[in-house]
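Only one chain is shown below, in structure tokens, and it's the form predicted alone.
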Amino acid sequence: MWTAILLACVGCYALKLAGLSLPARVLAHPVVERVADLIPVALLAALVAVQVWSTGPDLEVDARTAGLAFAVVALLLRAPFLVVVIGAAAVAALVRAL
């Protein structure tokens, strides 16, 4: 396991170094800028999806989905971050308690 962790560390460092080594004209290309803007959103969405709908190797829809739905609605209404987090947790807890 430690070998995998060390290899992942080296890979991440090499990827970071490769990104810093790119010429500025490549980074200034509109397509590259657009993709670079969207990659963090896609990664965070994937992380949320995995955390909400996975239970081990299985997909499961449970109270966490209701919490996520509350968070999405609260974010669309531009609610403060604490309201989003606490509200989503409260909704998930209420649905789980039912």
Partner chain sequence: MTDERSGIVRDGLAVGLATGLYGVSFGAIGVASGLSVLQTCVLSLLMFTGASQFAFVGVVAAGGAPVSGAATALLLGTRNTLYGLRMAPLLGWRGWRRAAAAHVLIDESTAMSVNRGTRAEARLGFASTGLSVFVLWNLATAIGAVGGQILGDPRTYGLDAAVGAAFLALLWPRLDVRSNQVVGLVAAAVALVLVPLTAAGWPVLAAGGVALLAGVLTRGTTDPTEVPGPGDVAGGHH
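These figures come from a predicted structure and were not determined experimentally. Rigid core (definition): largest C-alpha set, two forms, superposition within 1.5 Å. Numbering follows the first chain given and starts at 1.
Below: the form predicted in complex with the partner chain, not depicted.
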| query | Ala8: heavy atom within 4.5 Å of the partner chain in the model of the complex? | reply | yes
| Would Leu98 show up as a contact with the partner chain in the model of the complex if we use heavy atoms at 4.5 Å? | no
| said: Residue-level question: is Ala42 within 4.5 Å of the partner chain in the model of the complex, judged on heavy atoms? | reply: yes
| query | Does the 4.5 Å heavy atom contact test between Val61 and the partner chain in the model of the complex come out positive? | reply | no
| Are there residues in 30-60 with a heavy atom within 4.5 Å of the partner chain in the model of the complex, and which are they, in order? | Val31, Glu33, Arg34, Val35, Ala36, Asp37, Leu38, Ile39, Pro40, Val41, Ala42, Leu43, Leu44, Ala45, Ala46, Leu47, Val48, Ala49, Val50, Gln51, Val52, Trp53, Ser54, Gly56, Pro57, Asp58, Leu59
| message | Would Arg78 count as moving between this form and the one not shown, using a Cα shift of 2 angstroms or more after superposing the core as the test? | response | no
| request: Inspect the rigid-core superposition and answer whether the C-alpha of Leu59 shifts by 2 angstroms or more between this form and the one not shown. | output: no
| After the core is matched up, is the C-alpha of Ala90 off by 2 Å or more between this form and the one not shown? | no
